[in-house]
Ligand SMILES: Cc1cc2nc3c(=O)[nH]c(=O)nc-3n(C[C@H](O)[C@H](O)[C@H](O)COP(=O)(O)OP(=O)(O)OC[C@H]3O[C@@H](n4cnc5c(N)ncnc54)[C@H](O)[C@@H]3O)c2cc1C
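Starting off, we have a lone chain in the form predicted alone, written out as structure tokens.
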């Protein structure tokens, strides 16, 4: 079992170290202004249990953090307790039955590095430093998820500290309603998951990347083609387009059409991405690279170093789309024309998920996904760009079929993230397991789905 390099402490508002204990949990350097009364940096399960009992005794609400990649900084609330779980970093892999048990503070890259030793695979988050706790609770749109399922689908059990400080196990056979809730409730989950039990998969024999780059003037042609070809693309391919003010190698505003692929062989992978090689828009590309074999670790770190930069004020928003792209093109053109400087970017993702999912809280997804990430570096005018993602998503609300919690902006723009029926079930489970409302719910919620 791995341990965090620094021992956790308890910090109260006004004490030395408190500000760093709060703001140091967040990937984005934007200050949300909100502050809890106390920060508990738990070192193990027993300290988690003690902290929850103390919160109950003192009548405090609890917010939780594992890796701190919440764009909305959902874990930093006004008042109450912040429970920092980043030191719960245990990883146990059982290669015999292809399972693992991990702590919530394990980073995506750390889990990948451990399972690769056993030639196994888990659909981790795309960025190396994302904490697996929050990632798994909100659904887990990870590597190869179109093929092996989302992270939450590959959960087989959880160990949870409840609102009264007791530790229970939940699975499809035991405390099934708690387990059902954990798979998709995200930052509104009403317990502290201290261990996740995972189902692992055989590692793909080939992992690689196919890339094309287009100048932004070709936006409409490229998106029309992508929207049309998307349903035909194999689930083994993560076909996506990134609008980047400093696109790869052309260093100007453009679109990076990228297709990570995980296959049984190089030859199979080449066939799976041939739709890019023979596309009608290839002649418009400024850069066309062959399929390149690449480690997952390299892709995780490269994406983080080129797009998701640290020391940046981040905000994001998103929506699921199910309609043809054509009517949305003028709005997407406006998004591109007003795009803030790098590392701000726009993601169009070909999802085309399966016809059905296991019964779990996660319940909103559609054919394609659009997400806006506003990343403001030092010296960039906050007032000029801070509403970019929110305002453009509001303009597209009539086309939206809901959002996913990974890129939520609920405090500023409430939107549906689970079905109405599943929200009712979540509320019922919350009333059962957290009747006093000890754990903070989501920061925002549609009026039709309660308050």
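Computed from a predicted model, the values in this text were never measured in an experiment. Residue numbers count along the first chain shown, from 1.
The same protein also has a form predicted in complex with the ligand, omitted here; what follows describes it.
Can you say which of 90 to 98, 136 to 144, 267 to 275, 210 to 218 gets within 4.5 Å of the ligand in the model of the complex, counting heavy atoms only? Single hit among the candidates: 136 to 144.
Identify which of 112, 344, 74, 154 has a heavy atom within 4.5 Å of the ligand in the model of the complex; exactly one of them does. When the ligand is considered in the model of the complex, the option within 4.5 Å is 74.
Among 40, 406, 423, 393, which has at least one heavy atom within 4.5 Å of the ligand in the model of the complex? In short, 406.
Does every residue of 64, 131 and 186 put a non-hydrogen atom within 4.5 angstroms of the ligand in the model of the complex? Answer is yes for this spot.
Answer with yes or no whether residue 127 is in contact with the ligand in the model of the complex, where contact means some heavy atom within 4.5 Å. Yes, residue 127 is a contact residue.
Heavy atom to heavy atom, is residue 296 within 4.5 Å of the ligand in the model of the complex? Outside the cut-off, so no.
Using the partner position in the model of the complex, report whether residue 68 sits within 4.5 Å of the ligand, counting heavy atoms only. Yes - in the model of the complex, heavy atoms of residue 68 and the ligand come within 4.5 Å of each other.
Consider residue 291 of the chain shown here, and say whether it contacts the ligand in the model of the complex, taking contact as heavy atoms within 4.5 Å. Heavy-atom contact with the ligand at 4.5 Å: absent for residue 291.
Residues in 206 to 222 with any heavy atom within 4.5 Å of the ligand in the model of the complex: Nothing in this stretch is in contact.
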